[in-house]
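Next come structure tokens for two forms of one protein chain, structure 1 first, structure 2 second.
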Structure 1
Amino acid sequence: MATKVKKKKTEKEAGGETLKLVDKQEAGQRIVGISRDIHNDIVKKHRKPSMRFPVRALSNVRYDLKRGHFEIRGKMATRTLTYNTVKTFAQSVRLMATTKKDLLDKNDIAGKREIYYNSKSWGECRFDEQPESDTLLDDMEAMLGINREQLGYIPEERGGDVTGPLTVLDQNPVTGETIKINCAKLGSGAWSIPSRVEHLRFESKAALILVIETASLFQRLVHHVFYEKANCILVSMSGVPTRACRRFIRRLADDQKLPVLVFTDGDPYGYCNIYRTLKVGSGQAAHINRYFCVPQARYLGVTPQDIIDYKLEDATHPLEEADIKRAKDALKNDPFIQHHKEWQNTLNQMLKMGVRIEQQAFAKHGLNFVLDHYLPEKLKKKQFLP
């Protein structure tokens, strides 16, 4: 069943760039379909029932250049009912039941943590720790081919902050009345990206979107109204971007046809985790990357070459064991890095130099050096990494 679902999905998307999201009714039907197969196995065919879902790992994704993101490959995991799987099997079925009855049918929403607590009424079937229910939610997403936001699950983490020449058109959740948020008129604050962004519409005259890793640098740029000077929309990710943040940037960039530039710390985590995930998605959630990626993103800095060009050698830190391992792993296993020679060169250069650098390091040359010199110069040169 799961395979059939996947094929249908692929056909649908093969041609067009626009994403059609699955509606609640269809989501419910997929749950019913999978459950009917299980029921038939048990009652009619008298054989061990099983569930099939795509393997969620970097080894089961390929970098689809045309679509610009990590696409899942065919490897499927099968969970057959045995002594070892019986608990997870029962939990998966009960999770699907709750999703259909309490979320889809009632048009309700729930947080991951709420669903974990909800299971406490399931007796011995309950989840002991939240990571257990999180994992099964991911399994269910993969099995249904529908991202959990569409099923009614809302992320708990913050989506990211936005400031700049952009007006967001949102709705009053109760009355449906349109609400306009002018992100250029928020003073020293910022607008928070909500967990669900599908309904948002945009108006903007900006020239680009600048995505920033750390909140403190974002604060500095807001404080000095950098977005006016550079006519850009500033987005703060605070680390690895959440699904909502990725989806927001993607929709905004598609809608307003804006280039996206990314500014992170210069270290393997900033390159391979933060930037890579924003642009092409993750190995873990490959089944839904198509919604949560920003293929038009380009990398601005900080690059190892910047360290040399801006004489920042004495503002670096030596690479730690974990940094080196991360870089080497990416060179060996990450399909995105393996596809781009420039990224391999960048990582190798960093490994050779043996240092990493933070976004704030430009303060060596004065607190506002980063907005007075570095960013304008980089934006002018237009030499970005893919």
Structure 2
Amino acid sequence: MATKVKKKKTEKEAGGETLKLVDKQEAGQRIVGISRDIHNDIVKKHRKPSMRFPVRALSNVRYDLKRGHFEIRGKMATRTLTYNTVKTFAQSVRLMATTKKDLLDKNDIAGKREIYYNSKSWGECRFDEQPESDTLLDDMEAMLGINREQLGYIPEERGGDVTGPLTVLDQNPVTGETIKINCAKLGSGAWSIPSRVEHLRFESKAALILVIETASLFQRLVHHVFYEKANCILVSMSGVPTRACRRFIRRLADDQKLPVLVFTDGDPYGYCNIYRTLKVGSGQAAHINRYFCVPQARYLGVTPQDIIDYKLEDATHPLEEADIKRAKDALKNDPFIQHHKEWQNTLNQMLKMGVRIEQQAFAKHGLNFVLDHYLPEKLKKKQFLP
């Protein structure tokens, strides 16, 4: 089979839609446009200026099956300059100015923590605590309709680990020289996803992407070179996937036209937080879910039915109150769960059984049962949850 090689494009087809990436010039123009409106309100229209941005909450999203992710609804929040909001308003304006002048115009980057400390030179509108600056950064991202990575902000958290039949074409940030990274030639280790992934290109002969929740199981699969047996690219999430991890999987899957299968613990957190966030996004980030969701993802396991099929009843744990609450909340309020009868049945079966199960439970039948039997059987049957 010929190796598939595709170059990065400014527009990407995924989930039935076209994604247009915003360049630094356009991002700067959007900031200038908002700033001009504020100036005109004050100087020309003699009225209190305001900023409007989408409400970031699960109550303001809907599940768009065609696009494959949570879409923002029409609820908007307005921040008007008043006596009580003068500091927050000034901080918002100063944050936009810093973003354009220090990051976009200079092609530089910054972490959220750096912006918090940078504000100490802003005089009376400095941030007292980092949660203040984090919130306003999210507001600015929603208002501009641009994910903050494109604005020059880098995540603080790690992006995830990758191994298998994949060559990543990265570049030297100073010289621009192309650097080829063969993820199958890293010995007992794996390649770490960088904080920014838009510039990456890929070469691969893999048949699928297998995304793993826990680092320990990922390491077992790496140690036994499972990616050769299954001809798959392995990606470790280490819990709820970071934005960089989600964006990487999305770009790789779109670019190489690969199916994505997800393997998490069999509990409400694995279903409704980890998997759901990867596949369709979240209410808090609904304004940019189209960039970070992976609509082609399917859920491999662990399911409540696996407990029965693989005789793991004595390797489970009772559901805790938090698990029960999370499952019931999802059944009642989550648009994704409400849309898919298969997920409703899965959650109800789990609640009826009253137990949760971890990925490592298959070790009951032997340390390598998961890679010798469970995963191959699941991949062969191709019976995945949506």
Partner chain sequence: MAKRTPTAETAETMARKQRDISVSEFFLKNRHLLGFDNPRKALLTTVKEAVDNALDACEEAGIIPEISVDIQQIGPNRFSVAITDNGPGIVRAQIPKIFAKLLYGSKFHRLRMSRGQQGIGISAAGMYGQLTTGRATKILSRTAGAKQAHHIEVQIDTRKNTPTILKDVMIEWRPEFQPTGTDGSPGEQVVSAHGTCVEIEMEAAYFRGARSVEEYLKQCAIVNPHLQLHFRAQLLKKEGTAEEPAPTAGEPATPPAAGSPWTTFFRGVNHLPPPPVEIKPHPHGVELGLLMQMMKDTPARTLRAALSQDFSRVSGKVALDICERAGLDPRANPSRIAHRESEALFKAINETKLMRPPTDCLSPIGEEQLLAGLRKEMTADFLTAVTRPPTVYRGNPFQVEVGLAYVRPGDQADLGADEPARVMRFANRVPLLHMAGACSITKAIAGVNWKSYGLAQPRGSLPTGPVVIMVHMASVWVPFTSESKEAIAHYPEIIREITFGLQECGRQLAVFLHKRRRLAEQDRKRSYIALYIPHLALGLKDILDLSDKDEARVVSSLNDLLERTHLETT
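Residue indices: 1-based, along structure 1. What we label the rigid core is the largest C-alpha set whose atoms superpose within 1.5 Å from one form to the other. As the structure is a computational prediction, the values presented were derived from the model and not from experiment.
Only structure 2 comes from the form predicted on its own. Here Ser188 does not count as shifted, since its C-alpha moves by less than 2 Å between structures 1 and 2 after the core is aligned. Core superposition places the Cα of Tyr83 3.5 Å apart between structures 1 and 2.
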